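Quick heads-up: the structure tokens below are two forms of one chain, split into structure 1 and structure 2.
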Structure 1
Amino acid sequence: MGLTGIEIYKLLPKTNCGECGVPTCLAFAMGLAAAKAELVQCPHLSDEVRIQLAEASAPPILPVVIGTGESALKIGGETVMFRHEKRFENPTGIALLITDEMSDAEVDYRLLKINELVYERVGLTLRAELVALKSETGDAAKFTALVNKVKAGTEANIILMSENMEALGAGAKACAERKPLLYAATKNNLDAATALAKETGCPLGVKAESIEALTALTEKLAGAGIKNLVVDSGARNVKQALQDQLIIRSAALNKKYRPLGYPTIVFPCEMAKDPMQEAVIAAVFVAKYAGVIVLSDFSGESLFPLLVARLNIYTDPQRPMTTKQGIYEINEPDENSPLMVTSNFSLTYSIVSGEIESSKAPCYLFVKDTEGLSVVTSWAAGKFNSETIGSAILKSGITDKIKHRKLIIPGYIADERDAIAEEMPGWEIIVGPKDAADLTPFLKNWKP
């Protein structure tokens, strides 16, 4: 951040209109300075001021979006070297490699993997977000056919890989509306890659044989107005690639060196021949500090640990993990199934929902927003009591799903039973077990 909150405030219209979501321009300026607000939130900035502030408020590592819509992958935007300093912003994207030399059956099998290897953990969906399509043959028509097949077969975001600009251009035009990452611009095709990036509006990967050569390319591209970049130092052994990641990150954050202020892409698929070894290497670069990782292949047993490692690293250490408030249907409940309530601390939700699933009992589980606190802690803080629980459940729409009027509360808040009953006239409040492990025998005795 080049400007302080006060310096930004001096450039704002000072209308205090509140249209940005905060009551005053000063509060908005402080939000911009802390990277907690975005310029697009202010509708009254002049074009001149917007350009000035955009440059000054840009994070040291520029964000890049691959894809469109809700499934788009955002990488970069990082502001710290170590997550305990603040947090890491945008999780590393994981890509599965598909080439135009593969048979249709192999391509179908890999699309099946990218679509079906999806996991639920602590209320979150974990998956690989990208397919990397590589033109091995250099045949533009063959590459275009692969792009069209993949585009029809998955909603995953796309990386197009070829240094042959004819093939890369044909692939880009076949899926330009999906905003793929175009990889790669090199010293040999820089002008053609620049023109293609401008024509399609897609992010551009940049590859060089060293960090020094990489900075020369990014400076030329920035001078041509192309800043939506993902960079590759060209290293293909683990030691050199890791060293390059550290240099790039440190130069961007600590030295404010803009030519290296872009997210990176690394290729474990070119550093090992075994998918399990690739996964181990990939874990290194999830931690230090890849924006995108391309794997030659993966299976459930190699992908899932990698996804969990990424989740742990990119979880904000200063905020508890939470699950969205709402009604969760477990084991296909019907109108006679029990209704239970718990807090939205993700670990609590994960344990309770897991025990309900294991019991095989169809249930409705209402998750109450407690700002990420556990049942006991949120009850002690006044965020999980008769008033908050009763009103939330009555407004949730659960009465349209069940015929009975019975609510099961955690045993740890048994003292709230009578008070909840007062907040929910006509309901029977049942005290459940304190420990989730006791839910299976408890639910066997359920009667609507």
Structure 2
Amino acid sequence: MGLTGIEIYKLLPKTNCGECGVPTCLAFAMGLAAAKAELVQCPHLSDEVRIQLAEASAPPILPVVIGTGESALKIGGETVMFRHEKRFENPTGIALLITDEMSDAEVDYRLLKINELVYERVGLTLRAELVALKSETGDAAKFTALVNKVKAGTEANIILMSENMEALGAGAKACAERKPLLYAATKNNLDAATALAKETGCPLGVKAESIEALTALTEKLAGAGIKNLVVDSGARNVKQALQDQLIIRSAALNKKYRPLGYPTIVFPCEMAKDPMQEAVIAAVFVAKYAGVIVLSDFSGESLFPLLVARLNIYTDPQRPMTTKQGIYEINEPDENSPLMVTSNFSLTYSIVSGEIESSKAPCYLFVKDTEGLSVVTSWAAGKFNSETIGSAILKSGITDKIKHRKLIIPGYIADERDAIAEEMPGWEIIVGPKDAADLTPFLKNWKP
């Protein structure tokens, strides 16, 4: 909440009736300020005070949802400038541009890309989640036809792009139930755009020629009760676009400046001369604060690195992603299959298990809890060594599953071999390759 406990207290009834669950109004005010209590808990607030407090307690960057259901994209809701302070909440949405001037074949090809360029990594599904449909011709019928084709061809969330209100309105009617982002309201069409957003209940993009001009528009829209906004400062060169992202985020968070407290949309598709350059520019805005980026095109070689970059920037800095400790059976192992050990950092687990899978060799992989640290890091930190590995494996129940007594350890912890052997009497400790990518030839030579 933007207000302090004392400021809130001044607005409360000061009767200390206790109905909110705490004994005094002051305690309740402190709770509100710390976001530990909710406004509805006090039944004695006047409407005026309720609205005032609700406004003050709204998140500094409003969350906006594009689309519906499970695959809807949530953007905004960010609370920090730097990811080490607290995780970034809602990853930048990535949109692929489709225009009404493209041939049917081109549109089909783009829909195929949106639907099929999907990647699994550390147990998560990564993909671009939006199509941006642009009316270049301004022809409402043509735009409607495109929208209908796309709607039938993909579940991806939709952005409708046109400053021509007739085309935008027609597009919106064709897919209102999918809750598309309507882009964009400008100073020239503000009234019509306001009406369309009200009528359809869809989120609205707002475009201006500068940040200052943008604030005038968002203030008007907010005044008309429309706050489901995604903002565009209009910058189309990389330098200005980055500065604008920095300024908008800072104004919203550091100055609690409401007129800029919305997620942003950025257009690398209008900033680059080729797809490689565009992909690199997109990476800038994944790191620096875009809510959505619109790309003129992508393919596996550009989308994959961008999605993984986004995953990295948006991971929780306090808690690395982990896999549960335990025995993992890969490729249907039996009592003669090899046993390997690795750490429980999700990335390590997914790399190692992926390599084992593709080697086709049946294996047991024991994942040791290393508090989410990689093999080398946890070894350096003393969390992945003879004592911890030996006893965990002996207690795991693996000895009921295998007849041999051999354990393969990662090549990077070769120095631990003798110490592990000491902790595990009767076992042979084998040093595996350093890099999991070399597991296939190594496993070919395995004998129980």
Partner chain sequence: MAYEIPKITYSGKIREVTAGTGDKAITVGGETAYPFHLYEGQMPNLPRLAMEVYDTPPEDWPEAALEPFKDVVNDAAAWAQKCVNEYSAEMICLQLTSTDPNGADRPVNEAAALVKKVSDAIDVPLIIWGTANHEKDIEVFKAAAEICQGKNLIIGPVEEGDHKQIAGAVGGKHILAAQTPIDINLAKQLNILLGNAGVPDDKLIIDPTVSGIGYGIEYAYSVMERMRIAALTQQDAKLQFPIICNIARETWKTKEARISEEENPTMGNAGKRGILLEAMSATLLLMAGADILIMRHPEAQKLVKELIKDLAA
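None of the values given here were measured: they were computed from a predicted structure. Here, a residue number simply tells you its place in the sequence of structure 1, counted from 1. The term rigid core refers to the maximal set of C-alpha atoms that superpose within 1.5 Å between the two forms.
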For this pair of chain forms, which number matches the form predicted together with its partner chain?
-> 2
Does V65 move its CA by 2 angstroms or more between the two structures when the core is aligned?
-> no
Kindly check if the Cα atom of I351 is displaced 2 angstroms or more between the two structures relative to the superposed rigid core.
-> yes
Is_shifted P203 between the two structures (CA, 2 Å cut-off, rigid core) | no
K360 CA shift between the two structures in angstrom, with the core used for superposition | 2.4
Between-form comparison on the rigid core puts the Cα shift of T440 between the two structures, in Å, at 6.3
